[in-house]
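Given as structure tokens, the chain that follows is alone and in the form predicted on its own.
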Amino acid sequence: MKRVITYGTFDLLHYGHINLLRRAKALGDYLVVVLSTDEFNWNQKQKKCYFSYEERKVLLEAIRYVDLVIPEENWEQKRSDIHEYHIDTFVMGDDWVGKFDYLEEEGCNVVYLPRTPEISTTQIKNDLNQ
């Protein structure tokens, strides 16, 4: 079984997120989504989410491409997640190109997928504020 992992906040879930999850799942048989906790988002990313961690988790669990949702509590956990969940492929959006190449040393393939160009959570928030 090929296992894939991806990370994100997934706030204001939209079709760009679904595209990423669909393409990530296509790279293997089992998709683990590591969802940033509210504390991690605020303390490390300076992001305030509209939906709580639990609400975002329920949304992700309802998506057919997602097999497991676990919390992201710090930047450093990626190495241990790869080993604990026996990950073959690490997937992120292409806005992170090169940032996680070091994970190939852990024995997994690192893939950066193109973002859906016409949509982003930041854009949605900006549009709603206007």
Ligand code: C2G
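Residue indices: 1-based, along the sequence shown. Source: prediction; values computed, not measured.
Below: the form predicted together with this ligand, not depicted.
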_Location of this ligand contact in the predicted complex, chosen stretch of 24-32, 61-69, 40-48, 80-88 [non-hydrogen atom, 4.5 Å]_ = 40-48
*Please run the contact check for residue 103 against this ligand in the predicted complex: heavy atoms, 4.5 angstroms, yes or no?*
no
_Please tell me whether any heavy atom belonging to residue 20 falls inside 4.5 Å of a heavy atom of this ligand, as the geometry stands in the predicted complex._
yes
*Does residue 116 reach this ligand in the predicted complex if we count a contact as any heavy atom within 4.5 Å?*
yes
_I'd like to check something about residue 54: if you look in the predicted complex, is any of its heavy atoms closer than or equal to 4.5 Å to a heavy atom of this ligand?_
no
_Residues in 3-17 with any heavy atom within 4.5 Å of this ligand in the predicted complex_ = 7, 8, 9, 10, 14, 16, 17
